Every structure is written in C-alpha cells, then in structure tokens.
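Below you'll find only one chain, the form predicted on its own, shown as structure tokens.
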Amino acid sequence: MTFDTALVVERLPQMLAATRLTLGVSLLAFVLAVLVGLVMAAGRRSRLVPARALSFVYVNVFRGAALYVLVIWLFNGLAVATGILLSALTVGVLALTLLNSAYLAEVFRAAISGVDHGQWEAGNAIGLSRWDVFRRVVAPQAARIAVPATGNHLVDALKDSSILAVIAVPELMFVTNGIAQTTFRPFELYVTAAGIYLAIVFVLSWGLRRLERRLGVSGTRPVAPVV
C-alpha cells in the first residue's frame, strides 16, 4: 500500500479549515468551563448548605457522565424530553463545557485547599475581609498551583472535540470522515488528522510549559481532583 501524498496535499486546506472550527469550539468551551468551574468550586467551599449540595450534585453528575452519551442526550434526548432544540454546534460547546467544568471545579477546589490555612488567618489578623484575603492572598497562590492541571484539561477539551463528529459538527474529524468516505483512502486522511492533532497538542504543551516556568510552578506537583 502506497501513501497518496497528492491526496493529502489536495485535501489539506479543507482539513485545516475544519481545524479552525475545532480550535474555536475547544477554546470557547474551555473558557466557559473555567468560569463555571470557578463558580462550582466556590459553591463546594460555601458555608451555605444549599450551595454546597447543588455544587456537589453538579460536579458528580457531570464527572460521571460519558461525553459520548452526554452529546447524544443533549442533541436528541433534550428535544424529546423538553422540546428544546439546540444546534449541533451549541450542543458541542455545551457538552464540553459541562464535562470539563465539573473536573475543573475539583481542580480549583483542591488548589484553594492547597494554600496554607495560615494565609487566611494572617489576612484576617491585619483586618482584611474574607473576600479580600481570597482575592489578594489566596487566589494568586491557588492559581499557580492549578495551572498544570488546568492546562491538561485544555488539551483534553481539544481531543474530546473529535466526538462531536457524531452529531455532524463540521470539525476536523467530521470533515476527515467525509473525505475518507468519498475518496476511499482513509489511511492517508486519518494519519494527516492525527498529525494535525499532535501538532496542536505539541504547541499547547509547549506554551503551557513556558507559562509554568514563568509562574515558577514547573516543579509544582499537579493538583489531583478531590472528591
């Protein structure tokens, strides 16, 4: 079997155009997941029982959900159950956001818990409010601790976006599948798609390592989610 380089060269622009959508969906979902994860982490540490309970349920439900099942349910099941029809692109962003926000909530909660409790006491001793202690003292330290694990979830969001091909989101894998079915040359196309994913992950990993070194956290032990 020969590798058809001409086919790859011919179809590469089409695949790269789909890659832009892959990156857009992944980055949007990741940003939303960070925001929701912060809210859920705050809820998990709240003194209010309803907030803790709601956050606990949210985190455990979406951490336990398989992404494939979640995508299919949001795309088909939600319409049957509630009559709400969402576009494939909206479902893709929503599913990636829900899944990753649940994991990030635990990353952020663990990072906050990793800051020595004496930091809170020292802030209170000099007259700072609880919010000021968190904003000025605890949050910057927790952010440094959370960087490695948070970066891993950015990479995961990128790779997980390939599952959105099952609901016809025109991202890289969906377009690659379509080309493979019409040209009957799946090997070359899937190798090319794998190469594109690897190149993006390499660039992301390189950027994250530079960020960790800049923040002085390259030697920090990654934060493991805490149940």
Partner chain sequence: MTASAPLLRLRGLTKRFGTNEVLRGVDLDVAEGEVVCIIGPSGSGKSTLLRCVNMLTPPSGGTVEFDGTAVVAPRESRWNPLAGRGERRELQRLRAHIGMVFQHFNVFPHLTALENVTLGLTRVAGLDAAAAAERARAELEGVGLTEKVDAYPATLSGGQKQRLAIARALALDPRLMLFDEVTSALDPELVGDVLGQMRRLAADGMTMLVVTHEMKFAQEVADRVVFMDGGVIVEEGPPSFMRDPAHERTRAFLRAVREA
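Numbering follows the first chain given and starts at 1. For clarity, every value in this text was computed on a predicted model and none was experimentally measured.
The next section is about a form of this same protein that is not shown, the form predicted in complex with the partner chain.
Comparing 76 to 84, 130 to 138, 149 to 157, 97 to 105 against the partner chain in the model of the complex, the single stretch with non-hydrogen atoms within 4.5 angstroms of it is 130 to 138.
Interface residue remark: A143 is not counted as part of the site for the partner chain in the model of the complex, having no heavy atom within 4.5 Å.
The partner chain is not shown here, and in the model of the complex it never comes within 4.5 Å of any heavy atom of R185. When contacts are judged by a 4.5 Å heavy atom cut-off, V69 does not count as touching the partner chain in the model of the complex.
Looking at P50, you'd find a heavy atom of it within 4.5 angstroms of the partner chain in the model of the complex.
Contacts to the partner chain in the model of the complex (heavy atom within 4.5 Å) from stretch 121 to 135: E121, A122, G123, N124, A125, I126, G127, L128, S129, R130, D132.
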